[in-house]
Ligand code: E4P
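Shown below, as structure tokens, is a lone chain in the form predicted alone; questions about how it binds or moves come after it.
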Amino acid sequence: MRLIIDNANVSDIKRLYDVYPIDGVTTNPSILAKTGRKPYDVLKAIRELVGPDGELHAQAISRKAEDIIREAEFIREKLGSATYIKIPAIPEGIKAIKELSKVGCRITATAVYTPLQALVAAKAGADYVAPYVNRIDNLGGSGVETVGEIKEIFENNGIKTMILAASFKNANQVKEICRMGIDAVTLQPELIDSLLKNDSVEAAVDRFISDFEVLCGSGATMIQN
């Protein structure tokens, strides 16, 4: 399963790449807006960080299929052909996905709220579909169950499109998604950090160190002893 950062803060991305086994970065217009910087200044910096073949997702903004296609071509020109173009799974988006998939464009169908949206996007040629787990919960549904239904539909129909679960509020949602064997999750930095945050673990580590220092002296490690 791929662990992807859902963020456009370059400092945060650098820190997370340094610590965790990260597989890529997803962005969207709202995330880019939070940086207060020009979109391509940010995206080029992220592309440099993840490398020319690293997984980077950037979203087209246009509403009409022909404009989405032009935008996708421009994004790929600026950020490289390895870039996944995020396209909303709406009728004009599906039309664009059909055409772009024919020329080998990597595509992430985004704003997915239902299994049938995911099915149509996959059939149109999307490489990923990105269901919004917590946003589905906020509408009175179950994001986890929706992702499970998408997975079942894909498996039962021999569909190879991957599932990139997005929009998480807490680590338990992430755990439930991981139990299903989903292809990828994209998480905000603070949620990635929370996957390892546990007061009991910290207390155990502190106890190991204090016991060792009683034996060998303050600041001692296995190197000195």
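Model, not experiment: these values are computed from the prediction. Numbers for residues come from their place in the sequence shown, where the first is 1.
Unshown form predicted together with the named molecule; subsequent notes refer to it.
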property	result
Proximity to the named molecule in the model of the complex (heavy atom, within 4.5 Å), stretch among 60-68, 40-48, 161-169, 176-184	161-169
Check all three, Arg2, Thr83 and Arg106, heavy atom within 4.5 Å of the named molecule in the model of the complex	no
Heavy atom within 4.5 Å of the named molecule in the model of the complex - residue from Lys95, Lys123, Arg135, Lys78	Arg135
Partner contact for Thr35 in the model of the complex: the named molecule, 4.5 angstroms, heavy atom	no
is_contact(Gln188, the named molecule) in the model of the complex, heavy atom dist at most 4.5 Å	yes
Sequence-ordered residues of 1-19 touching the named molecule in the model of the complex, heavy atom within 4.5 Å	Asp6
